[in-house]
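Below you will find one chain, with nothing else, as structure tokens; this is the form predicted on its own, and questions on how it binds or moves follow later.
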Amino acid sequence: MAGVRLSGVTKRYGAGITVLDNIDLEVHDREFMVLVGPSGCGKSTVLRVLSGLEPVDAGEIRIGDRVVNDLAPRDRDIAMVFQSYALYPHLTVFENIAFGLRVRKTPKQELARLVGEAAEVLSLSDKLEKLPRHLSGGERQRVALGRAIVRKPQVFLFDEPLSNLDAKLRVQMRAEISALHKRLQITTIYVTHDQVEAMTMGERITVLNGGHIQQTDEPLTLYNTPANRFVAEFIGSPPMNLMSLTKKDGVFQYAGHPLPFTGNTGAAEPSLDTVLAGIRPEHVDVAEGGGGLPAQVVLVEPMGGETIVYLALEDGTRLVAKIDGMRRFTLGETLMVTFDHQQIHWFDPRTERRISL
């Protein structure tokens, strides 16, 4: 097994297009690391330079104790699973899984043993003689996984492998891939644009944007202490509410109204006169009367155990609240909004970095 380290890695395409900009990333041995970010942020390019499919313009890539910048993909001891299953339609499940072993001239008896072990791990033992067209989407993805794990590489690279599956299969395959990692204990780097996948699968998550790493941390650390505005808005569903506040007479106000805080209102606050305040939807409360900011209900999404309520303040600013699912709301009604002071995230409006109090 082996860890992975990228040091000062830069990748450019053509003139002036920098996809990865001097990034440093360490993935520990046996770790499940998830790379997440919007389209075009550079996450798939990280996999491509790691695998050797793309050369880097600067920096060093290490897999284990080897610098692999100049090694061909076949010499890096990695296995990659793509968004498309990339199965050979005319070959059986057995032959698809065994393909890479045949290319390496693995002895026939050893090949059969390795394919049998992989098929058992992936619950494919009864599918080995079937063709891909006779399999479900989830079974095809397991065959693609089998082709990767049968090689027993040092590192797995997954490039959005669940994007082609329906919602139910995605949930099932998330659990299967996580269980597979716990069983095999192979260093894994998993790329996705889906932050739910990232939060539920990753031991650590790296958030990228514009070719830069924004933050690398455990899932709950990212959620509870985002390093900047981008991470705060990207991680969490629905995303964090952000409001620009101005201090007057020592009190933070929004649009001329003192912000209606609940909880420990004596908690520390930034010394800046203008700040960005971030509030998770579950820390926004609404009531039919009393104090608070008046807001109109513009959309209600009942989810069963919880209800997502979209609100418009008097100046048109939108807020999202996550409320107990048993409460009922009517479109157009006016509610009073309050915020839990102990759950506010403070950001510098100039740098958009988190303010440490």
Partner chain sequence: MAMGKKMTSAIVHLTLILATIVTIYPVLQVISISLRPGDSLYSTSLALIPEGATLNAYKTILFEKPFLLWMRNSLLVSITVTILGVALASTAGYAFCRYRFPGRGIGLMSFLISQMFPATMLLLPLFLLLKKVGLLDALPGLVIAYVATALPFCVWTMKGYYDSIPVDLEEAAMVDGLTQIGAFRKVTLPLSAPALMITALFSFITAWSEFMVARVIIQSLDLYTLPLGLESLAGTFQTEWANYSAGAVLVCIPVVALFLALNRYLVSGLTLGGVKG
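The model shown is predicted, which means the values in this text are computed figures rather than measured ones. By rigid core we mean the largest C-alpha set that fits within 1.5 Å across both forms. Residue numbers count along the first chain shown, from 1.
Not on display, but discussed next: the form predicted together with the partner chain.
Discussion item. For the three residues 303, 322 and 331, which mark the spot I'm curious about, does each lie within 4.5 Å of the partner chain in the predicted complex through at least one heavy atom?
Written reply: So, no: the whole triplet misses the partner chain.
Worksheet item: Since exactly one of 168, 104, 183, 108 fits, which has a heavy atom within 4.5 Å of the partner chain in the predicted complex?
Response: The residue in contact is 104.
Worksheet item: Considering 67, 312, 299, 53, which brings a non-hydrogen atom within 4.5 Å of the partner chain in the predicted complex?
Response: By the 4.5 Å heavy-atom cutoff, the listed residue in contact is 53.
Worksheet entry | Stretch in contact in the predicted complex with the partner chain, which is absent here, among 120-128, 170-178, 82-90, 274-282 (heavy atoms within 4.5 Å) | The contacting stretch is 82-90.
Worksheet entry | Touches the partner chain in the predicted complex: residue 204 (any heavy atom, 4.5 Å) | Residue 204: no, not in contact with the partner chain in the predicted complex.
Worksheet item: Should residue 74 be classed as touching the partner chain in the predicted complex when contacts are defined as heavy atoms within 4.5 Å?
Response: So residue 74 counts as contacting the partner chain.
Practice prompt. Tell me, yes or no, whether residue 231 is in contact with the partner chain in the predicted complex, where a contact means a heavy atom of each within 4.5 Å.
Written response: So residue 231 does not count as contacting the partner chain.
Worksheet item: Quick one: does residue 142 come within 4.5 Å of the partner chain in the predicted complex, counting heavy atoms only?
Response: Residue 142 lies outside the contact set for the partner chain.
Item to complete: Please check if residue 90 moves between the shown form and the other one, taking a CA shift of 2 Å or more relative to the superposed core as movement.
Response: Shift at residue 90: 2 Å or more after core fit.
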